[in-house]
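First come two forms of one protein chain, each written alone as structure tokens, so that there is a structure 1 and a structure 2.
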Structure 1
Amino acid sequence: MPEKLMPNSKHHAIVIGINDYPLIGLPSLKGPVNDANDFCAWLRDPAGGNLPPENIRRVLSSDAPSGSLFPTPNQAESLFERFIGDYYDGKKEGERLYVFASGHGFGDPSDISKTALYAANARKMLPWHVAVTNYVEWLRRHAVFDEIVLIMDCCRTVNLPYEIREPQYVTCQESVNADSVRYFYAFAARRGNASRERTFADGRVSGIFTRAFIDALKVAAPDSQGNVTGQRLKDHLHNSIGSFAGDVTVKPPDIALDSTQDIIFCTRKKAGVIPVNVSLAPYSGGETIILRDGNFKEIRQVRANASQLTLELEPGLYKIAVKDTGRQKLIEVPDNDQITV
């Protein structure tokens, strides 16, 4: 019987998902609440974040009382208040904080680092919003947690009149431990760009980035020690997000981390090798196959002595190319075990 893992009681999460914006003229969305629920499911999963349910605090527009605009900035920002209040009381909060936000968002015109989520009661002349990155940076500067993971699946377009307001917290002297706080900040869109959602094969609408991110959490290849690190997630996402976009054009996500003190998201054993059957069409005789990993770093070259050959590969992303030709293919193992190149 497999060993039962104890929940990560020192890990906490804040999750925000907003679909509807009836007053500001922005179109309603279908993905953010699904995104938030999917991320909460990963957080609770013993094979994922393994958080106890009481450590996950969330606000979703689907929870709105009938006829109300929910959440407002105060309702969403109240999720951060406990951690800030505990800091003032001298309490060390925990090891890791996840912050997930999905909905319509925007970037600050004067500060490239700031991104906010519009609140449900936002209006054109009163663009109420949740200053997500301001709160996250406050918690990081004051070392309230040892690690902070931020995921924002929203647009980061810039509208000159709309500035992100500083929340009404007191700024204390920066903690001497601020530089040691490990962080992983992942944005679906780069500054000035839009994020996208679409209907997937299961019939559900999701943010393309959120779908790709949760998949990466589950399947990204671990390092030699069996650790799925922030860098591993970043590499996997940059190479896989196109396969989640379908017919939608998306640009690479914006992911920031400190590689010298990377976060370990989970630990899992490396899976055994899987046979991948490669067919060469056309085949002239003696072609050389170049195998590269998900970072396009060459792993090895294999000489083909027939029109078909088998490569034994661990799960992960690979690029297979025929040397001195333009023939190449990006594959993900184990999903692609029969390919033609």
Structure 2
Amino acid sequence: MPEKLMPNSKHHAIVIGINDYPLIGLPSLKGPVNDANDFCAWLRDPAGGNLPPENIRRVLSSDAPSGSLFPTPNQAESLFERFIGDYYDGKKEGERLYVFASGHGFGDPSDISKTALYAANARKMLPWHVAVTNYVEWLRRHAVFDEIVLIMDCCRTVNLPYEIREPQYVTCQESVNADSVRYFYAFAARRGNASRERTFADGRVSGIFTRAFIDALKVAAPDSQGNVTGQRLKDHLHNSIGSFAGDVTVKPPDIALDSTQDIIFCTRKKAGVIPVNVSLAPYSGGETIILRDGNFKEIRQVRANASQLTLELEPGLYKIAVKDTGRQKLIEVPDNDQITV
């Protein structure tokens, strides 16, 4: 039986997913609630975040009847209140905070670091919003947690008249240990750009970035110590996101971390595997496929009993060749999951 790990009781999470914005004229989304639920599933997973369920606080637009303008800024921001309140009371909250936010969002016109999620009751002339990055930065500045992981799957387009309002917390002036707080901030889009959602092969609509991010959490290669670090996730995501985009054009995500004090998301002995469908064309029967890794080391010889076969490969670069023919191809996994050689 696999060893059952104790939950990470000092890890906490805030999860926000908003699909509907009936007043502001923005189209309804189908992905954010799914994204929030998928991320919560990873958080609960003993092989993933391994958080006890009571440490995951979430607000989803699907928690209220359709058309009820839920959540408003206060309803979403209340998730942060406890941690800010506890700081004033002198309580150390925990080791790590995850903040996940998905929905329509925007970037501040004058401060490139600020990104907010529109609240469900946003209107054109009253763009109510949740100042997510402001809260996260407050928590970092005040070292409420040792580590902060922020994931925002939302647009960061700039609407010049819309500024992100500072929440009504008190800012402490005294020096705190913010520099020691490890952080990993991942945005689906860089400032000024849009994030995208699409329907995936399983029939569900998801944010492309969230799908790619959760996949990276599950399959990204660990370092030599078996740690899946923020840098490993970043490297993996920058190379895998295109494979999740389908026909949609996505621009590079924006991921910030301090590699000198990286966060360990999970540990595993080796990377997860991804199915790669290989078609042989032409196929005369009985060809042998030779697979070499990125150092030209032969890692597999497979006799093809049909014109199509599936190889389970870890993320990386490979050279695939048909033995005794000149046919060969360089492939990137997961970017090339359907190849013909």
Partner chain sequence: MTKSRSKRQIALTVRAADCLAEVFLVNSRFERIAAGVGSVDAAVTPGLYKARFRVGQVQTDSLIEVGADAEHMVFEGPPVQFDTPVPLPQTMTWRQEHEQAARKESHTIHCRLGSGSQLFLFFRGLAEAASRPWLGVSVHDLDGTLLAGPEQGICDERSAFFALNLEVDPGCYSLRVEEEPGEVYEIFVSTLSGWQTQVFALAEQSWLPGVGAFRAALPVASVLTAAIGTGFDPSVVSVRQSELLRLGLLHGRNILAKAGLDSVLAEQPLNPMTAVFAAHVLLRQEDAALTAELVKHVDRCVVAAMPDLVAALPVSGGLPVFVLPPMLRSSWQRIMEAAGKEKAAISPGSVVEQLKDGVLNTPLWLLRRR
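Numbers follow structure 1, counted from its first residue as 1. Keep in mind that what you see is a predicted model, and the values were worked out from it rather than measured. If you superpose the two forms and keep the largest set of C-alpha atoms that fall within 1.5 Å, you have the rigid core.
**Student:** Is structure 1 or structure 2 the form predicted in complex with the partner chain?
**Tutor:** It is the second structure that is the form predicted in complex with the partner chain.
**Student:** Quick check: Leu317 between structures 1 and 2 - does its CA shift reach 2 Å or more after fitting the rigid core?
**Tutor:** Yes.
**Student:** Is Ile331 one of the residues whose C-alpha moves 2 Å or more between structures 1 and 2 after the core fit?
**Tutor:** Shift of 2 Å or more: yes.
**Student:** Ile56: CA shift of at least 2 Å between structures 1 and 2 after core fit?
**Tutor:** No, the C-alpha moves less than 2 Å.
**Student:** Relative to the superposed core, what is the Cα shift for Pro65 between structures 1 and 2, in Å?
**Tutor:** For Pro65, the C-alpha ends up 3.9 Å from its position in the other form.
**Student:** Tyr283: how big is its Cα shift between structures 1 and 2, in Å, with the core superposed?
**Tutor:** Its alpha carbon moves by 15.4 Å.
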